[in-house]
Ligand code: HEC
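Presented as structure tokens, the chain that follows is alone, the form predicted on its own.
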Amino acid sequence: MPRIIIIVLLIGSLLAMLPPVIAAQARSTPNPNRPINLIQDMDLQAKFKAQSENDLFADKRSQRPQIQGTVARNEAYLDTHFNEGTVDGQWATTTPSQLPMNMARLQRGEERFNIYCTPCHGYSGAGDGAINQRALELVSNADGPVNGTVWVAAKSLHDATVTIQPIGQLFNTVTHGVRNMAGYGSQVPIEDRWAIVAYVRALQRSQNASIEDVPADKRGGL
């Protein structure tokens, strides 16, 4: 093959490699310049940024306040039994009708309880969780507050002051917290909060049940 042809082929091969190399370099290197928009696709549509002015309105605010009385979709919260644990202004004594009680719900409540509640309250609900025990140990071995704080022992869920509470009040505690306990309304969905409360009731029943609470055909001759 003539030498000139070999040189042309080599040069052509090198030139053919330039586009993918340039493309790879462009994709891997940040560019402070705005991208070239051959097709706009609403990239450069007119808009107002947060806290900017808008002369169209008398108050000059581009962000319009919500119309009084409006709520987000599915957030009307008209069912106070389901959303707040209250019925006619009183703590509910039953679970909401849309959450029928069954073994699957209790098992879900046990799972959520073990995740969110056992660190302080313990698996049995006696207030002997790992965090609670460790905190009490640190406080008892210190001459004063540890790192400027004190620890309030986790409440036993079998304490008389808890067992007498209506189920709606327990739901409110899980949702909003009580005393030093933080609420879980922002972390746990409503259905799971009710499941946790149902499981707490089952725990309380397991520690304070009598033989009369067991159906006759399940007592096994006791």
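If you're wondering where the values come from, they're calculated on a predicted model, not measured in any experiment. Start at 1 and count along the sequence shown; that's the residue number.
Another form exists, predicted in complex with ligand HEC; not displayed. Remarks below refer to it.
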Close approach of Ala92 to ligand HEC in the predicted complex, 4.5 Å, heavy atom: no
Heavy atom of Arg179 within 4.5 Å of ligand HEC in the predicted complex: yes
Proximity of Val152 to ligand HEC in the predicted complex, heavy atoms at 4.5 Å: yes
Interface membership of Ile167, ligand HEC in the predicted complex, 4.5 Å heavy atom rule: no
Listed range touching ligand HEC, judged in the predicted complex by heavy atoms within 4.5 Å, from 167-175, 60-68, 44-52, 29-37: 167-175
Residues in 188-218 with any heavy atom within 4.5 Å of ligand HEC in the predicted complex: Ile196, Val200
